[in-house]
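Quick setup: one chain, the form predicted on its own, written in structure tokens, and binding and motion questions come after.
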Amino acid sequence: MIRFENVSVTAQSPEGAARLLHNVSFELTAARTAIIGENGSGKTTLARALGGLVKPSSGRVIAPENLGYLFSNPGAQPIMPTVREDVALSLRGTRSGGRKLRREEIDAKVNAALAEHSLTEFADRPCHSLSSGQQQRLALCSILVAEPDLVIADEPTSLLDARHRRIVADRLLSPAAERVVLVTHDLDLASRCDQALLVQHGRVTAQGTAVEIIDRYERSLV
């Protein structure tokens, strides 16, 4: 279940407290949800609150514990020195049938994930040597190998070339995870989702099918 119950988020600034989200309430049931709205509307704050990266000042967020967060900057996510090590890190402590995975099981899962994401040839290369598109593919691979119940992606294609935008988008919107929440300015990408939320001035002002909400958003821009 994914639910916000009267969630507000406040941030401190030199000028004082600033309210970023205002008593936001909604429930998500669709497999693929787009979050759209203008810059500064509160989309990223909402996504970070959903992912547990921002603590609400009031209200309650209900979300799966097993989730992955994909950032817009591909270079911000790799942690380990090499591609293979970065993917393997996601499986440390993972259990199967009540026990921790053995080393050979982790190796097999990593090899399968690298092949699935067309990263095998980069397996032993330093993460920082990859292009931005390749790094974003790696970040998504490292998230999905852990089989999360929810993937939150915050503008995951904004810094990518056309080829890698397509690759990352197709992978996100395939049945790779049970639920995907996608923050995006790309309305074509948003239209591929099942439903959408429109965020304006720190509030969710509309929820419905992606087509309906995109049309409402575009009409508000005139």
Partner chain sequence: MISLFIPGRGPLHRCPASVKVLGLAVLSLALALAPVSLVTIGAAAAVTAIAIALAALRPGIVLRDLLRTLPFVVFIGGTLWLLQDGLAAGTAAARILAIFTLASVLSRTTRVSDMMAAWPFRLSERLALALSLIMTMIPALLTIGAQVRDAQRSRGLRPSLRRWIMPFLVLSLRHADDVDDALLARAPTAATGRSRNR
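Quantities reported herein were computed from a predicted structural model and do not represent experimental measurements. Residue numbers count along the first chain shown, from 1.
Note that the form predicted in complex with the partner chain isn't included here; everything after this is about it.
- Heavy atoms within 4.5 Å of the partner chain in the predicted complex belong, among the stretches 30-38, 192-200, 58-66, 154-162, to residues of 58-66.
- Contact check for Ala108: no non-hydrogen atom falls within 4.5 Å of the partner chain in the predicted complex.
- When the partner chain is considered in the predicted complex, Val54 lines it closely, a heavy atom lying within 4.5 Å.
- Using a 4.5 angstroms limit between non-hydrogen atoms, Leu50 touches the partner chain in the predicted complex.
- Of the heavy atoms in Ala146, some are within 4.5 Å of the partner chain in the predicted complex.
- Think of it this way: in the predicted complex, the partner chain has a heavy atom of just one of Leu130, Ala113, Leu89, Leu101 within 4.5 Å, and the residue is Leu89.
- Using a 4.5 angstroms heavy atom cutoff to the partner chain in the predicted complex, all of Phe71, Ala76 and Asp124 count as contacting.
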